[in-house]
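Heads up, the chain below is alone and in the form predicted on its own; it's given as structure tokens.
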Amino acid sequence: MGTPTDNPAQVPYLDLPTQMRPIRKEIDAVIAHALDNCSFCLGPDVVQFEKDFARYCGAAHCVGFNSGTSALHVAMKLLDVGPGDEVITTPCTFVATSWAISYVNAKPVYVDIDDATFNLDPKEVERAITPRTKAVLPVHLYGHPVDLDPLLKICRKHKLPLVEDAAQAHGAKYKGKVVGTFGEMSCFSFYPGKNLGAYGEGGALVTNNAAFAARARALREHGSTQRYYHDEVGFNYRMEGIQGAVLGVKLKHLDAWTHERQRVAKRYHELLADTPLQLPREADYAESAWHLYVVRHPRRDDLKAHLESNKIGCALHYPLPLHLQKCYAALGYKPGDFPVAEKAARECLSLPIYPEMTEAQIQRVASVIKDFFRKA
């Protein structure tokens, strides 16, 4: 996570304390209000955040959850995905996307990714459809929207619902429209390190379908719409009141923070353009939220060690694709099945990116990277 520092020679990978400082009084006030009113589980702060986030996404409904993983699980339940069904998704993402499919005893079916965006390749999706396919679950990875129009066309052709995993894409735009309302529903995570992060766990399901929203609210609260009466087997997936209060404050700053992330990404583009790195690109249809800035190089591990030895934070995201994880060995995938995803996993490295990064810090990161290649 890193610690706040004014020394550009030390650049943390993530700097949440610096983000907190200017909003600390407002955060303290809403937490104190939640404590005074003992609204610990759901409650008015969660209700208000749900309304505000639905409006932000341009959706009719938002249902708060205790995590993005829970929201994804409930999304599969809403679509009645179950044993014998298949859901097409990506091997290049956090494992929670696949957990949601496994939790309902369905089968994750992986397809390869686009080399430039790390997102699902629509051509590969259509090839993977079988009579058992029940849904398509793309991920707006690293905050960059997946190419939705061709995916939606495929889904309409085969009468399949599309669920957006937008856990990393708060505020990202596809053709000028905020992601989250293109499919039957979308799922967000508010894990602390996300662009819109809680002070603990949190998640949401966003939809324009009133029936889905109503059932999601029941499922998150033990399958109940009336206390002690349970219409179906449900879960304890409720959002905490304090998290709703914190998210309500932070949502007001999300667009400004996204703008600052875009600033950092633009400077990286400029400063690293003459290096051997493969830089992330923004497709013509996309406005990335830049949750992560992921570069690629065959000597990724050496570069990571060099950065860390120079007190530059960096991270590996998804160095082993999901189809090669031990937990999914029974699916029968093998190395070489998805060469684009596997090559990306071997080469990817996440550089520091957060709204509070200073110009001096950005230049320091770039300088250390260029020093690595000079020495190489």
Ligand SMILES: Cc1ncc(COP(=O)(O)O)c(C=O)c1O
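These figures come from a predicted structure and were not determined experimentally. A residue's number is simply how far along the shown sequence it sits, counting from 1.
There is also a form predicted in complex with this ligand; it is not shown, and the following applies to it.
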{"property": "Per-stretch contact check against this ligand in the predicted complex, the hit in 32 to 40, 65 to 73, 52 to 60, 327 to 335 (non-hydrogen atom, 4.5 angstroms)", "result": "65 to 73"}
{"property": "Listed residue that, although this ligand is not shown, lies within 4.5 Å of it in the predicted complex (heavy atoms), from T93, T207, T89, S288", "result": "T93"}
{"property": "One residue of V179, I113, L247, A167 in contact with this ligand, assessed in the predicted complex (non-hydrogen atom, 4.5 angstroms)", "result": "A167"}
{"property": "Candidate site N195, T258 and K266: all three near this ligand in the predicted complex by heavy atom within 4.5 Å", "result": "no"}
{"property": "S186, heavy atom within 4.5 angstroms of this ligand in the predicted complex", "result": "no"}
{"property": "Proximity of G241 to this ligand in the predicted complex, heavy atoms at 4.5 Å", "result": "no"}
{"property": "Contact label in the predicted complex: P145 to this ligand, heavy atom within 4.5 Å", "result": "no"}
{"property": "4.5 angstroms heavy atom contact with this ligand in the predicted complex for V125", "result": "no"}
{"property": "Partner contacts for 124 to 154, taking this ligand in the predicted complex and a 4.5 Å heavy atom cut-off", "result": "V139"}
